[in-house]
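A single chain, nothing else alongside it, follows as structure tokens in the form predicted on its own.
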Amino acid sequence: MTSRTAVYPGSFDPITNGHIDLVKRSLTIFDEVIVAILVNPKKSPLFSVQERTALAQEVFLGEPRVRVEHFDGLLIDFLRHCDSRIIIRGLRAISDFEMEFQMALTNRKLAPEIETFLMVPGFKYTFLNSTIVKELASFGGQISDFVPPPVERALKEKFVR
């Protein structure tokens, strides 16, 4: 049997408990998951790619089947570099579906050997996204239910008043 490595791409600005839940559930299906942090020049993230990578690495420190890397360029090129044929994406709401569907079809057109797995989050994370977490943190709101402790600390440092 060959190893099945899946790639979970995203900006992870910052990584949330919803992302972590999806990775953990993916590990029940795949042998390894690469959390692939995208460098997107069209976005202005709160955390640098180095900070996002370090936070995700800290979060998954005890899980040898999770690797954290960052990349720029086409996702399919990154998958080929990692010798993977599997993309994992999360769908929180029906509004996510159209964009994810279009991206999956585009990736399939460019690289027919690559498959996209669309996963529904755990019920308690269906509303959660990084934007909400950052907004709550910016106003001093309680975020401990939404992010792991290293991310909570990093957000508090970013929003010191």
Ligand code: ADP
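Computed from a predicted model, the values in this text were never measured in an experiment. Sequential numbering from 1, following the sequence displayed.
In what follows, reference is made to the form predicted together with the named molecule, a form of this protein that is not presented.
The named molecule is not drawn, but in the predicted complex it has a heavy atom within 4.5 Å of residue 89. Contact between residue 59 and the named molecule in the predicted complex is not found at the 4.5 Å heavy atom cutoff.
Among heavy atoms of residue 63, none comes within 4.5 Å of the named molecule in the predicted complex. In the predicted complex, the named molecule lies farther than 4.5 Å from every heavy atom of residue 143. Residues of 93 to 126 lying near the named molecule in the predicted complex, listed in sequence order, are 96, 100, 121, 125, the criterion being any heavy atom within 4.5 Å.
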